[in-house]
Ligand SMILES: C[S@@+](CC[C@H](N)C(=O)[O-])C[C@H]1O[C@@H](n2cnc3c(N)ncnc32)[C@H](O)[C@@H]1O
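The form predicted on its own is given below as one chain in structure tokens.
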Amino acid sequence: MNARLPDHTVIQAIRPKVLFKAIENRFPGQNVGFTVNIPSPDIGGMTLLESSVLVSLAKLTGASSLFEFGTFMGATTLLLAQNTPVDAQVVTIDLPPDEVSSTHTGDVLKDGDANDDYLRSAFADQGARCLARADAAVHSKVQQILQDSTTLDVREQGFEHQFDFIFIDGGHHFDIVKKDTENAYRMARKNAVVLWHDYASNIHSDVTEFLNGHAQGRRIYHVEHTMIAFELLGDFSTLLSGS
């Protein structure tokens, strides 16, 4: 369920069909499909609509170098690896499971801190189980980093200006989203798409608060009926024109 957004937000809401129309415009005369697994019923997964939005943006931009903040069960990592070119590379980062507490308290459906604790606990217990079950073709495209994303040294890793698709879905506290976003722009190529999950979430309000402030002077879109917001950088900013 999406939270009620403040009237003053500068983030532009668009219908999913705007993206789908852009796909039709880019691939005229083609039936553009995608591979998706049955969504996990667990907390923290994405809906089928959100999955189609992510894949649509990957295909619209022709993404070949992708970075994901927040591996969790590996479902989104798998989705991106399955729906990008065979030579694409997906880098994903999450906390080392052995450094995460496997306990949690509170109402995980109403309290953001409790929800994050639950997600970390599930990751500590099970790891990226969707990714672990994937075939060799997927594993050959994926590089998994086990590290606190806020300690990521972009320059040391050789990640500066290396990615054309960056998905931010790690920790949901304001300072973590801010740090991951700052790193995302350092890692982005001139033409890239940066995406955030949990915008307009009833639980993780820090993501919405951060993005509403961050969006000042930028063209950031929120896809209605999802918790996905995104920004198209460089020449990609024209991809929705005429859709």
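Start at 1 and count along the sequence shown; that's the residue number. Every value quoted in this text rests on a predicted model; they were computed, and no experiment measured them.
Here the subject shifts to the form predicted in complex with the ligand, a form of this protein not shown in this document.
K.L.:
Should this chain be marked open or blocked when the ligand, placed as in the model of the complex by superposing the nearby C-alphas, has its atoms checked against backbone and C-beta atoms at 2.4 Å, with 3 or more hits meaning blocked?
P.N.:
Site status open, zero atoms under the 2.4 Å cut.
K.L.:
Any chance S149 has a heavy atom within 4.5 Å of the ligand in the model of the complex?
P.N.:
Judged by the heavy-atom cut-off of 4.5 Å, S149 is in contact with the ligand in the model of the complex.
K.L.:
I'd like to know whether A63 contacts the ligand in the model of the complex, with contact meaning heavy atoms within 4.5 angstroms.
P.N.:
Residue-level check for A63: no, no contact with the ligand.
K.L.:
Since only the chain is shown here, I'm wondering whether D164 would be in contact with the ligand in the model of the complex (any heavy atom pair within 4.5 Å).
P.N.:
D164: no contact with the ligand in the model of the complex.
K.L.:
Counting only non-hydrogen atoms and a 4.5 angstroms cut-off, does V142 reach the ligand in the model of the complex?
P.N.:
V142: no, not in contact with the ligand in the model of the complex.
K.L.:
Any chance L95, H172 and I176 all have a heavy atom within 4.5 Å of the ligand in the model of the complex?
P.N.:
Heavy-atom distance to the ligand in the model of the complex: all three under 4.5 Å.
K.L.:
Could you tell me which stretch in 210-218, 64-72, 29-37, 181-189 has residues with non-hydrogen atoms within 4.5 Å of the ligand in the model of the complex?
P.N.:
Of the options, only 64-72 has residues within 4.5 Å of the partner.
K.L.:
Just one of V53, I203, M46, V194 has a heavy atom within 4.5 angstroms of the ligand in the model of the complex, so which one?
P.N.:
Only one listed residue qualifies here, and that residue is M46.
K.L.:
Where, within 118-135, is there a heavy atom within 4.5 Å of the ligand in the model of the complex? Residue list please.
P.N.:
Counting only heavy atoms within 4.5 Å of the ligand in the model of the complex, the contacting residues of 118-135 are L119, R120, F123.
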